[in-house]
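Consider the single chain below, provided in structure tokens and representing the form predicted alone.
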């Protein structure tokens, strides 16, 4: 990617997770999220676990080696459950993690599976009380008759302990599977979206939420689209967007009415008739929507492309980037192996100048908006020596294959990068391949 001083080069920094080829289903990473400072990086997996990595303090003597991320806390966020009324198993898989802005020494995050959202507090303890009057050090109570004097308990230092405790459980509000949660800029409310409804919650209140979008038809046979993602605007607490399986994005203003079924703006690009095919509807479904940090743009990801929309222009995106156009001729086999339904996420860099999203064969793509350049990079164990520069990859769609190119027929569709995250301030990225988390950084000269 082009940086201010020419081309930015990306280096391998770390990889987390087991090397084994046979991957346990529970270890597959299902979401990746940096906190607001980038000091903490959280991952959720299909086993319902949340693992938090913390950035170590930078080494002043070796500035070319950025600080590494090491495990800070691991906890079981969700357990498998069974809905006896509907005879349905509820998976423990973590669908989304969202950090709350830090207000005190503790950190808070929301994590959700298909049905239940939980607010977790992550706090540190490095002191313990000692010198109780009524208790022995091992916790047994003393005989009150033996106590002859009063002691003032004191706090003594101990090894650092990181504790994760569930502070709130927001349950029983979604009939369908939750696909998104988004914390509002007022830091008091958040939304949760499932296939047909979006609910607004207060972070302090667990027993009720307000339904703000409901697209469920009276007769389910008339159902033509579902909600695929939703997000609050980063600065305007009254504005949110949600995307649909039909490729449209609706922007809603909560000041207009309590139920936001009537959108304020509808973003939709007319389909190019020359590209019309049996798969058009499937590949136009939007899998992710993200506002830029400055709140002026939003990015959407469909199966083959990333689009950048200006919030002031609804009729077409201002930028369109092809992620893997060479797969257009392969849609039939991707439909047969169900890959066409994969939900790729996308993310912005800290200053909104570069966007990133994943692809197959453990490739991920970056698009530099200013320079109009793009690059394909690969997350693999082969190039995982410390500070090794990543070589750009090229895919040959047909015709004569050049030396460094990879044939589209030899791509591995089981290796896919669905979840990526970009540090909010630095050029550090986290990329989840099946059960491994790769961390890359730009080369510091």
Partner chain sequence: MSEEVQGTTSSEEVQEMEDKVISPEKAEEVKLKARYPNLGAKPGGGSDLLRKRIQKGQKYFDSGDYNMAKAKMKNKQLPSAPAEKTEITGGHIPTPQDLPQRKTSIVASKLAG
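Predicted, not measured: the structure shown is a model, and the values here were computed from it. Residue numbers count along the first chain shown, from 1.
Although not depicted, the form predicted in complex with its partner chain is the subject of the following passage.
- Think of it this way: in the predicted complex, its partner chain has a heavy atom of just one of 177, 293, 168, 265 within 4.5 Å, and the residue is 177.
- Listed residues 104, 351, 315, 329 were compared with its partner chain in the predicted complex; 329 is the one with a heavy atom within 4.5 Å.
- The shortest heavy atom separation between residue 89 and its partner chain in the predicted complex is within 4.5 Å.
- Its partner chain is not shown here, and in the predicted complex it never comes within 4.5 Å of any heavy atom of residue 415.
- Not displayed here, its partner chain is kept clear of residue 427 by more than 4.5 Å at the level of heavy atoms in the predicted complex.
- Contact annotation for residue 319: none of its heavy atoms lies within 4.5 Å of its partner chain in the predicted complex.
- Looking at its partner chain in the predicted complex, residues 220, 275 and 279 each place a heavy atom within 4.5 Å of it.
- Just one listed stretch, out of 369-377, 141-149, 351-359, 194-202, contacts its partner chain in the predicted complex at the 4.5 Å heavy atom level, and that stretch is 194-202.
- Looking at 37-53, the residues that come within 4.5 Å of its partner chain in the predicted complex, counting any heavy atom, are 43, 45, 49, 51, 53.
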